[in-house]
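Only one chain is included here, represented as structure tokens and corresponding to the form predicted alone.
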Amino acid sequence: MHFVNRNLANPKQTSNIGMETTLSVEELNKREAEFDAKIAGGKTIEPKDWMPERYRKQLLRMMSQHAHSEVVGMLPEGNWITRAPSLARKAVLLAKVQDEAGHGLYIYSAAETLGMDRSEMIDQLLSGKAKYSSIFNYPTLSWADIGAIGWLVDGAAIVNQTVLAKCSYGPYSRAMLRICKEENFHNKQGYQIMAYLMRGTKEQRDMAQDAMNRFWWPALMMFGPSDTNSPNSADLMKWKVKLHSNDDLRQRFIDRTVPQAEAIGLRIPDDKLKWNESTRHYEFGEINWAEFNQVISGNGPCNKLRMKQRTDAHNNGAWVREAAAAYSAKKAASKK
């Protein structure tokens, strides 16, 4: 079971919500100038520090989406726990899924320092108002898909999250420190699965290649739209919540992953992929942004299934939440 380190996030230590509406124009301008100076100086913003309302809202949008992705991401992998090919593989996958639950807990707790209750964030997810990573709306059809998720999906997450560990909001950056360490294990576990399959029979090698073919492009989409079509990136980079653009992070992932694929004999499903000696980067083909927009709009292969699974789990767990609340109330009453 995961417990939250309150040095990472304290829900009671909330930001100065709504203060903008009570300040004069002069005072507001002064606060914004002080905030901008802190950001420019590389200082961390903490929950009780004054912050612009748009900074708080952008963080909440980003952090709640991240937390939702960790929780929904348990579903496609959890489907394979009982079907993993050995007891050892079952145990490792079970531990990995448990880690993802912990990651969601850390980030929900960090987001609560911005003044939104976790139950409200979950209600937004279940109602369809909040989003999660598009990658989890693709099916896991074979055991090789679990390897592809660990290697490609968690690999993409690491590229993004190691940068978030240096972001300007303290609770979020500190939560990333432990999450990144655990994601590195997940990434190695996934790559090991793919490497073992590529040393196996023809059927196993074909299964691994099929998983690569289906997950490569969705993994590239995880970094979000291209910089020219990313409406939130400018503010997030100005505030040092994001330190690199979507396209820069995507390029970093490709440069890191292509040699790994070649080392075990997997082919990247991109006929335009080639190494550019002058830029020292790989060139790659065009991402299907129409597919990306379809998936994030709720029309991916597994969108409805994922939301049904998450809603059913939430409803079926209501008695646990009610019991915990009743016990807490009873314990508090006994101390009076």
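Owing to the predicted nature of the structure, the values given are computational and were not obtained by experimental measurement. All residue numbers are counted from 1 along the displayed sequence.
Below, we turn to the form predicted together with ligand 3HC, even though it does not appear here.
Partner proximity in the predicted complex, defined as non-hydrogen atoms within 4.5 angstroms of ligand 3HC, places exactly one of 264-272, 279-287, 304-312, 66-74 at the interface: 66-74. For the options 188, 131, 252, 83, the residue carrying a heavy atom within 4.5 angstroms of ligand 3HC in the predicted complex is 131. Just one of 257, 142, 113, 160 comes within 4.5 Å of ligand 3HC in the predicted complex, counting any heavy atom, and that one is 160. In the predicted complex, residue 153 approaches ligand 3HC with a heavy atom inside 4.5 Å. Proximity of residue 216 to ligand 3HC in the predicted complex falls outside the 4.5 Å heavy atom cutoff. Of the heavy atoms in residue 92, none are within 4.5 Å of ligand 3HC in the predicted complex. When ligand 3HC is considered in the predicted complex, residue 28 lies well away from it, no heavy atom lying within 4.5 Å.
The partner is not shown here, but in the predicted complex the stretch 233-253 reaches within 4.5 angstroms of ligand 3HC through a heavy atom at 233, 236, 242, 246.
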